[in-house]
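Before any questions on binding or motion, here is one chain by itself as structure tokens, the form predicted alone.
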């Protein structure tokens, strides 16, 4: 039986013109997320994560490839019914919540736009949504600037949930929060997924949160998927050197954790932004690069059909 897929990117590429240069943001990216699954998309700033998120949401059109929702290709501009199914929670909730509107007015907007409840039921539904994300009902009368960072992010999530979506793209949703608030927001997301069956695309540069929320992870480097697989497998035995480098930078609090964390050499071959490779884009930064790494892009391959990586020299990647 074929595996059910909620959303899928197939060979997606995207480039931008920056002055007289053409910058390739995404190169033939393919990934998928199943219903009620969390797929984490990780990588450093500039890896193409947010561009991928906008394309998945139908906000931008890919130069090549397509996005499929429940096996049907998306066509732009998205019809209103399709826009309702795809929602976003961004790093800065103030980009979602209008500072001139109360929280209640912002949460009610999707209800009115998509006619999801009768007008007389709007206030009651807003209260239900605020309660769902753990906010007191009097929050509906407050303005965003009167809320804490964690409360704003919960209000932004309530606004996204108001549209009754199938999928939410979470673009760095916890990076601006302190650790204790971050943990509560992650717990809320996990609880909502279990209760409602939401699919999440969790975009982040912080691998320390990925293990707690994502079933699978896709690692992007300079617009290419270099590794993807079950989260535990990727963390336990990374198969691409870039993934190893990212994991080696995760902060730990005990000697036991440090002992099992992947290590990365302090000195690398080259770390200049100008360095280029005709093969693997990570080769200029990789002390383990072989001659083929510089000549030909490595294919993304798997030994078990679940954990994939594009690396010519993955052996002993955890050492």
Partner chain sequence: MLWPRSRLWHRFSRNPLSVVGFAIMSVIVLAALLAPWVTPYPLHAGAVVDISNSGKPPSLAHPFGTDTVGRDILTRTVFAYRLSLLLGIVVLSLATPVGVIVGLLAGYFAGWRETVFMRITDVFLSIPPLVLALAILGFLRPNMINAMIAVSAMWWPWYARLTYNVTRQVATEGYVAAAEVVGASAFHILFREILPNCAAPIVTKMTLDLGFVILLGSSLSFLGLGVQPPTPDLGSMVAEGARYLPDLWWLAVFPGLAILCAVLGFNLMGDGVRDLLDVER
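Positions refer to the first chain, counted from 1. Note that the coordinates shown come from a computational prediction; the quantities given were computed from them, not determined experimentally.
Heads up, the form predicted in complex with its partner chain isn't pictured, but that's what we're talking about next.
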item	value
In the predicted complex, the one of 109, 215, 74, 233 near its partner chain [non-hydrogen atom within 4.5 angstroms]	109
The unique member of 97, 129, 185, 247 whose heavy atoms fall within 4.5 Å of its partner chain in the predicted complex	97
83, 88 and 114 all contacting its partner chain in the predicted complex, non-hydrogen atom within 4.5 Å	yes
Stretch from 37-45, 284-292, 56-64, 23-31 whose residues place a heavy atom within 4.5 Å of its partner chain in the predicted complex	56-64
Non-hydrogen atom contact residue 159 with its partner chain in the predicted complex at 4.5 angstroms	yes
4.5 Å heavy atom contact, residue 195 to its partner chain in the predicted complex	no
Contact test in the predicted complex: residue 101 vs its partner chain, heavy atoms, 4.5 Å	yes
